[in-house]
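Take a look at this single chain, the form predicted on its own, given in structure tokens.
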């Protein structure tokens, strides 16, 4: 059997860390449990990550990758209405494919443990808010939207995404998040444009 590269091993460790958080919350993530699940020694985990915080930073890097893909996907759309719809629906498509990430995203206690993690998450949230703010501003400059504060509207949109995902998670993922998202995105479009 071929030996795994450092990057492959780190990916496996991060994947399993996400699974542990999803199953039992952040408090259940330990180096001991992680090593057991990945079937390597605890010192081997430390050869790939400095500590638990470093592992969570690896998880946040995945969320940063999501941000990059979100930006690219939005930029492929032509109209502000299409961009807004893509902003909303992209979240739902990603999370429907990556259910375990909902547990990380909704585990605020992870980010309160460390100023480094908190700052990284704040940068991610700021980027996301900037994306939606730019879409709303584009619409405003073309006089195709009611006179609303783009900052406040961006918070409403991000909050509604969070609420729908939480409802989906609490229901045991019992409905299609993507279908619900498309429906609500259409409603949002009618209200805003």
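Numbering follows the first chain given and starts at 1. Remember, predicted model here, so these are calculated numbers, not experimental data.
The form predicted together with a further copy of the same chain is left out here; the points below concern that form.
S.K.: Is it the case in the predicted complex that 112, 170 and 190 each bring at least one heavy atom within 4.5 Å of a further copy of the same chain?
M.R.: Result yes, every residue of the spot touches a further copy of the same chain.
S.K.: Please pick, from 139, 35, 60, 164, the one residue with any non-hydrogen atom lying within 4.5 angstroms of a further copy of the same chain in the predicted complex.
M.R.: Filtering the options by heavy-atom distance leaves 164.
S.K.: Only one of 55, 131, 45, 158 comes within 4.5 Å of a further copy of the same chain in the predicted complex by heavy atoms, so just point that one out.
M.R.: Residue within 4.5 Å of the partner: 158.
S.K.: Decide whether residue 49 counts as a contact residue for a further copy of the same chain in the predicted complex under a heavy atom distance cut-off of 4.5 Å.
M.R.: Although a further copy of the same chain is absent here, residue 49 would stay clear of it in the predicted complex, with no heavy atoms inside 4.5 Å.
S.K.: Might residue 108 be said to contact a further copy of the same chain in the predicted complex, defining contact as any heavy atom within 4.5 Å?
M.R.: Although a further copy of the same chain is absent here, residue 108 would touch it in the predicted complex, with heavy atoms inside 4.5 Å.
S.K.: Please tell me whether any heavy atom belonging to residue 183 falls inside 4.5 Å of a heavy atom of a further copy of the same chain, as the geometry stands in the predicted complex.
M.R.: Answer yes; at least one heavy atom of residue 183 falls within 4.5 Å of a further copy of the same chain in the predicted complex.
S.K.: Is there a heavy atom of residue 125 lying 4.5 Å or less from a heavy atom of a further copy of the same chain in the predicted complex?
M.R.: Taking the distances in the predicted complex, the answer for residue 125 is yes, it comes within 4.5 Å of a further copy of the same chain.
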